[in-house]
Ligand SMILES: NC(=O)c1ccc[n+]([C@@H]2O[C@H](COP(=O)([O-])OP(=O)(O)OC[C@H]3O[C@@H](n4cnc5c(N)ncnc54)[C@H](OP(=O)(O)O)[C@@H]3O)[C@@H](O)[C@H]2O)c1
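Okay, so here's just one chain, in structure tokens, the form predicted on its own.
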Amino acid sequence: MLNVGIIGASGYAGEELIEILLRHGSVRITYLAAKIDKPDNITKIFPKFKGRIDLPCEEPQLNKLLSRCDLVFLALPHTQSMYWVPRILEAGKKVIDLSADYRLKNISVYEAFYKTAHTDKANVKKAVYGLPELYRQEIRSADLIANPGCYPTAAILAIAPALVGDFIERDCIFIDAKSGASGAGRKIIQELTFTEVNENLKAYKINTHQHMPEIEQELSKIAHHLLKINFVPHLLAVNRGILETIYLKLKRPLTSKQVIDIYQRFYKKEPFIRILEEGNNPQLKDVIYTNFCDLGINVDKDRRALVLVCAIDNLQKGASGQAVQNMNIMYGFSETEGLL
């Protein structure tokens, strides 16, 4: 039985991790911590877990964490994980970090987008980017996983086969992304209050969002060429889910069916990727509360345009579900354990 702990257990991603791990037959949650006013049973924070788990949630204490856990999930705000990761790794434990602290290999880019100095540069080099469909082999032997961001997960999975197949123009990538309000976390922010979000839709951080360099880093690696994208995120008046519409230019004439065939071959062994039939596109309600990534493929031959529509749950495949998928790979469990 694998003993796991969660730091950041009181947030949306922490709550989702608890929910998934309680369904997992090979895992035991042995430690829960978060930034809270006073220690309390996790069932007082989330009454839905009553009768399913009986653990206190407290301010994180390193000694307790290390003595009780083999693996630690860090579901912390960006810039906070870099304090914990070196201390946990030095004790011989493994870490799956859901923040952005270890995703970007260029430290200066991280510091520019996250407005803070990085204090653990050595482990940035060791971290494996936790996108199983592209890095499964590296994940198997990793001690530190940099769990991908929600927007990047959808974008990279949607675009990767087209770059590998080299049938799109690399300088013409436009991503129109929409996310539910839980993507910003549980912290209280005026723009995320009910009256601000309800019956509203707005674009924000156009080509300046902190997930943009993450998408560019991974797509550039796939293309073996430095890529620049156009990325426009939107705040959608729903609790959870991400829908991205991605506009690409074809290098050569292809039909929707031909592109669908390419994508089906690329992802044929992937348990959480679903390529939709021609003429169909995903909706949020098809993927929320699941770890699936659904992809719709549309070609306009007259305009040589490829329009991809990708849907995921930002708290599952975009965060906690993917983190558990990575854990399953690291420890040799069935990749779908706890997720299907």
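Because the structure is predicted, anything quoted here is derived from the model rather than measured. A residue's number is simply how far along the shown sequence it sits, counting from 1.
In what follows, reference is made to the form predicted in complex with the named molecule, a form of this protein that is not presented.
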Report summary line: Of A75, V72, I175, A162, the only residue with a heavy atom within 4.5 Å of the named molecule in the predicted bound form is A75
Query - Three-residue site K105, Y110 and P213 fully in contact with the named molecule in the predicted bound form at 4.5 Å by heavy atom - result: no
Query raised in the report: Does the 4.5 Å heavy atom contact test between G130 and the named molecule in the predicted bound form come out positive?
Result: no
Requested in this report: Answer with yes or no whether G185 is in contact with the named molecule in the predicted bound form, where contact means some heavy atom within 4.5 Å.
Outcome: yes
Query raised in the report: So in the predicted bound form, does L98 come within 4.5 Å of the named molecule, heavy atom to heavy atom?
Result: yes
Query - in the predicted bound form, L315 touching the named molecule (heavy atom, 4.5 Å) - result: yes
Requested in this report: Using a 4.5 Å heavy atom cut-off, indicate which stretch of 200-208, 122-130, 77-85, 224-232 touches the named molecule in the predicted bound form.
Outcome: 77-85
Query - Members of 5-29 lying within 4.5 angstroms of the named molecule, judged by heavy atom, in the predicted bound form - result: I7, G8, A9, S10, G11, Y12, A13, G14
